[in-house]
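To begin, one chain is listed below as structure tokens, in the form predicted on its own.
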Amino acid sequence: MKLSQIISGVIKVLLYFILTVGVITVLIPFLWMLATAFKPYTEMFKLPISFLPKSPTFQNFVELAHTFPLPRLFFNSFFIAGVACVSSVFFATMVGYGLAKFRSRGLNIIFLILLSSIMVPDFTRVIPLYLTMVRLKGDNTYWGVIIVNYLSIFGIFLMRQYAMAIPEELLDAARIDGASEPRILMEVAFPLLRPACVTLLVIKFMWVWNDFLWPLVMLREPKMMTLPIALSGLKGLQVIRYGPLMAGAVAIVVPVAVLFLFLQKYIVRGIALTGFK
């Protein structure tokens, strides 16, 4: 066996070892949260610590359901995240496709300006955005939360980079056949951009679903709150109720995990592919 093959094998083993350690490091907190959600209160602080619950119970979920109006909270979170995701994918696809395929003076400058806005921290925009929403009567409303998330600069960047790989010959053939630009976008480009759209959809959904700062600023009434805001109330008590808190964390994670499992094939394609077959 050649020395280069030995070195290559050692590097591969080290790489898999590092990846395995990384996966375990990421999974342990999640599995601990899942196990704690099914533990009775007496087991959470019992020594020696046991990872798995000895007497599994759904009492934490029952207590969570009695403490918060879960159907309303789920509706608020799904509605805000769903509308924000659909609008973000729609507008990012159009803008990204236009920046990639149209030729005009100033488009590259516009693209650089859009990218530079990502460097501005979100918390620095909270006060001016809030004052604007108050003047527009958007505080404590769904659209006041959604309008900040209706467009994704990262989504524009992702769609532009993916759209640049669409062959120009394919678009020119559609133009020769008499197709208008909107029809080319919807019937020719959009099917090829589908993996990138699904990737953006999942990323945006996770971002809006887990968003805490902006909904906390905008939403005041309990019936309008999202899941993360409502669950934060459990940490503000003198005695933190860890059981319902972990149950609520599981309730927040499950929709995102299910969405990822169903769409992971498109996500991998959207991230990995830089061209088309």
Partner chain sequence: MGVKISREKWGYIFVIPGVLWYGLFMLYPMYYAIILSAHRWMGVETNPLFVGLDNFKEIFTDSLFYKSTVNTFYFTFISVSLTTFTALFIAILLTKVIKLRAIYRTFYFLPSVAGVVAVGIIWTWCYQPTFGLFNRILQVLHLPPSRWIMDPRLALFCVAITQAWMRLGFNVIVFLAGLLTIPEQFYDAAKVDGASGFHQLIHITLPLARPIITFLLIYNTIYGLTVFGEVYMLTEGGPGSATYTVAYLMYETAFRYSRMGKGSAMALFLFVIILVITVIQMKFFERRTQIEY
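Between two forms, the rigid core is defined as the largest C-alpha subset superposing within 1.5 Å. What you are looking at is a predicted structure, and each value in this text was computed from that prediction instead of being measured. Residue numbers count along the first chain shown, from 1.
A second form of this protein, the form predicted in complex with its partner chain, is not displayed here; the remarks below concern that form.
Highlighted residues 80, 167 and 199: none comes within 4.5 Å of its partner chain in the model of the complex, counting any heavy atom. Only one segment in the set 158-166, 132-140, 68-76, 190-198 has residues whose heavy atoms sit within 4.5 Å of its partner chain in the model of the complex; it is 132-140.
Its partner chain in the model of the complex is not approached by residue 225, whose heavy atoms all lie more than 4.5 angstroms from it. Contact check for residue 19: a non-hydrogen atom falls within 4.5 Å of its partner chain in the model of the complex. Although the partner is absent here, residue 153 lies within 4.5 Å of its partner chain in the model of the complex, judged by heavy atoms. Using a 4.5 Å cutoff between non-hydrogen atoms, residue 252 counts as a contact of its partner chain in the model of the complex. Although its partner chain is not shown here, in the model of the complex the stretch 87-104 places heavy atoms of 91, 94, 95, 97, 98, 99, 101, 102, 104 within 4.5 Å of it, in sequence order. Annotation for residue 104: C-alpha shift of 2 angstroms or more between the shown form and the other one, rigid core superposed.
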